[in-house]
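Next up: just one chain, as structure tokens, the form predicted on its own.
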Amino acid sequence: MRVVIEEEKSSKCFYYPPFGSNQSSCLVWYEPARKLFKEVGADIDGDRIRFPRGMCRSIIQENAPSAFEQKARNPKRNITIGGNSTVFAPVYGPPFVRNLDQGRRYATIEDFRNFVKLAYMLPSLHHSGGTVCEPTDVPVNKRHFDMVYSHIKYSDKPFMGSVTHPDRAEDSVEMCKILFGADYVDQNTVLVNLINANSPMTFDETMLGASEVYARSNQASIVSPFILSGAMSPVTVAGTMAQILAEALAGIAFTQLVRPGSPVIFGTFSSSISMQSGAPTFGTPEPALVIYGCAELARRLGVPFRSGGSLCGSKITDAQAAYESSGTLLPTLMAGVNFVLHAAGWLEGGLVSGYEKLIMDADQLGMMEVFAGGYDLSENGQALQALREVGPGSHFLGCAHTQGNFKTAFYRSSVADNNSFEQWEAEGSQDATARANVIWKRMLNEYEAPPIDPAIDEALLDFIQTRKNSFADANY
């Protein structure tokens, strides 16, 4: 199933109506999709589907929810995706991990479990995520069982399913049916899943197949064009946004034809590239403008929006990692992004999940939560009591209002060192990376798994073992 979206009269660029032509088209090598679009009035010409002007937008606006709740196995962890909510989820997809002790290496299932445990313990991460790293010590065609089970077993936050094959998406849904019950899964959203377009203007068989599985099961898809501007989209911000909108509209409309009303998220991952080397760059102004613009397009369409994160191209947790991550995270918050994948732990352009980077980013996410909370204009927040008590020429350190609020008055970083130089030196002259290293090790040492019904746990393990035994190991 390969989908190539293009303008009817030109293969060079696609401007989704109302920007350009009266029809847009895509090449679909997947009979179920051709059948669904034909039933609603699209023009089918072999493998090409021509969409009348406004067709995809109408399908979406008439069916897709503007917000939805993703259920967690701990109801206190349920989250709303859409509206005024911003959900932070950890890094997704890297084959490598890095920490201060071992450097850069291939990720294992033990690393995967560690990242799930850390995300569970970090309050500023609202979501357990999905492929927090690729466990390369487990066969490719079976590792999805171990990953989904790790999210279920070691955390009680919401999580994501597998999208690397439609069968693996089915396995993810079946595991959730064991956890929540089949009827509950059919009537509630318990999975969010990342469906990338192969930009420019292409969806492959794996992605649309997985998207169909999840939509049919009432589970959410993030339909997310993956853009490196200058290579996979035009070099301009406006051109990139037009392409993103076209790709997202086609993919989102497909989910609504599979099951009207199924939850969906307008997603985008947009980065610029170095025009000298071709390498992706992060924290630059152009992707920030794309985030702002596409967030508005998603709100106009009436669906939740995913983008942003703490992105960087740096190989280690250095100043480049910090300023590039900040250059992505602040626009993410200010644009009102609803679902933030890669919010913590991203290194080396997404090739590496960083232990220390996860801790340092999570600290920044805590600051973003406080910043997003805005002004406290309650009686206590206006602090008139303190102003009257202190008066001119004195100080506020000892007044009753300060004494009553000093523990919670300001965000206290868990990573930054604000002590004197002498104290910092006496404590080993540690930089932020060394301090974060101490923190994640302490957290894993103190980790306690959330309780799970033993019968459900046993049923999950039986299902996994039965399915694994039913086919041979493979690296694809």
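As the structure is a computational prediction, the values presented were derived from the model and not from experiment. Residue numbers run from 1 along the displayed sequence.
Only in words, not in the display: the form predicted together with a further copy of the same chain, which the text now covers.
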- [ ] Have a look at 181, 302, 261, 285 for me and say which one sits with a heavy atom within 4.5 Å of a further copy of the same chain in the predicted complex.
- [x] 285
Open item on the list: Just to be sure I understand the contacts: of 79, 185, 138, 322, which is the one whose heavy atoms reach within 4.5 angstroms of a further copy of the same chain in the predicted complex?
Closed with: 322
Open item on the list: Looking at 389 to 397, 128 to 136, 148 to 156, 67 to 75, which stretch has residues with any non-hydrogen atom within 4.5 Å of a further copy of the same chain in the predicted complex?
Closed with: 389 to 397
Open item on the list: Considering non-hydrogen atoms and a 4.5 Å limit, does a further copy of the same chain approach residue 292 in the predicted complex?
Closed with: yes
- [ ] May I ask you to state whether residue 113 is within 4.5 Å of a further copy of the same chain in the predicted complex, using heavy atom distances?
- [x] no
TODO: Evaluate residue 315 for contact with a further copy of the same chain in the predicted complex, applying a 4.5 angstroms cut-off between non-hydrogen atoms, and reply yes or no.
DONE: yes
Open item on the list: I'd like to check something about residue 412: if you look in the predicted complex, is any of its heavy atoms closer than or equal to 4.5 Å to a heavy atom of a further copy of the same chain?
Closed with: yes
TODO: Decide if the three candidate residues 87, 93 and 163 all line a further copy of the same chain in the predicted complex, where lining means a heavy atom within 4.5 Å.
DONE: no
Open item on the list: Only counting heavy atoms and a 4.5 Å limit, does any residue of 265 to 286 reach a further copy of the same chain in the predicted complex, and if so which ones?
Closed with: 272, 273, 275, 276, 279, 280, 281, 283, 284, 285, 286
